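This document opens with one chain alone, in structure tokens, the form predicted alone.
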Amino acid sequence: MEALTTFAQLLAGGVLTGLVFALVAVGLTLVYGVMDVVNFAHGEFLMLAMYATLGLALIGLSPFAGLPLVAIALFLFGIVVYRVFIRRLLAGPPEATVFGTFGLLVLLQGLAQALFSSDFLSVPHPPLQGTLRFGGLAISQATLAEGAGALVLTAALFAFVEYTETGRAMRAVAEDRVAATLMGIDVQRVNGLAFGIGAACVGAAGALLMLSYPVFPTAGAPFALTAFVVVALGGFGSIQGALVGALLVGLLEVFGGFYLSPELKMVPVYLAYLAIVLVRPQGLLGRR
């Protein structure tokens, strides 16, 4: 009975961890799917969202109340970054976006270091710090809220891409950019929207993460690294694949941390990544 309870506890923890990874990763996979751009500064967008959430908390807005404001701010920030920076990089060789977004990563980390120092900062008096108990299971309220919020927002993004006219335009651009242009779709507008929505997703993730994580200049790096693995596992450009990959990563990380050791918790994740990439390079649900 104790072993079954432990297994259920690990399963719940893995699923909730994976859902947060999914919300970080869907923005990354959406941008890649529409624009063929790997945004290496994705983790730094997450870091900015966490600092923005902290700033709102200091004037009295909880992370939940601040979430829509942070998501909108990151959406606008993403649009500006696309129009000022990414659009020009797309006119150059393919390597330009790789080095350009990596340079943006370094710039944003440096600015954060200069403005906020390297101190770990947390939201004062964060809500939902209790523990819910279901039989033998004990789940942190904050972790449950993060997982549930991530699931709702990921489902909303999937519905937007699948069932709205703008979403269909994004899928058309992702399938064939030239054909989409001939059909009258404004590819630059779609690219800008995709980049903005990707940034908004990571903005929402940053607000949710401030329920239980501190922020510091490199806070987004470990989440971004995991998000790259999630996207590669699930399939580049696939929102469903990002969700499946994130759940797999969350479960492997939690079970690996328990049955191996906390220091080795990512070993099963990277072994699964290598196995899937070798057998199916396009990822579990990727089509290209």
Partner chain sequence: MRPHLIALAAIAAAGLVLAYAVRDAVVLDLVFTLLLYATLGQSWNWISGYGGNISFGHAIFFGCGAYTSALCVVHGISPWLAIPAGAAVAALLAAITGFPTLALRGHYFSIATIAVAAIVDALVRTQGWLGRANGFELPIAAGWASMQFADKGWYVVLALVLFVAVQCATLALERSRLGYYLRALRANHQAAASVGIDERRWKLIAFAWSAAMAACAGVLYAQYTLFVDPPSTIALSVSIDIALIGVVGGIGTLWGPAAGALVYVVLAKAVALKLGGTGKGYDLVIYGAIICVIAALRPHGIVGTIVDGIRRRRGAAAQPPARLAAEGAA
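Note that the structure is predicted; figures quoted are calculated from it, not measured. Positions refer to the first chain, counted from 1.
A second form of this protein, the form predicted in complex with the partner chain, is not displayed here; the remarks below concern that form.
Contact check at 4.5 Å (heavy atoms) against the partner chain in the predicted complex: all three of V38, L111 and L274 pass. Only one of 120-128, 172-180, 88-96, 157-165 places residue heavy atoms within 4.5 angstroms of the partner chain in the predicted complex, namely 88-96. A single residue from the set A57, A232, V244, L252 has any heavy atom within 4.5 angstroms of the partner chain in the predicted complex; that residue is A232.
None of the heavy atoms of A12 is located within 4.5 Å of the partner chain in the predicted complex.
In the predicted complex, the partner chain stays beyond 4.5 Å of every heavy atom belonging to Y213. In the predicted complex, the partner chain stays beyond 4.5 Å of every heavy atom belonging to L132. Of the heavy atoms in F102, some are within 4.5 Å of the partner chain in the predicted complex. Residues are counted as partner-facing when one of their heavy atoms sits within 4.5 Å of the partner chain in the predicted complex; in 242-275 these are E263, L264, V267, Y270, L271, Y273, L274, in sequence order.
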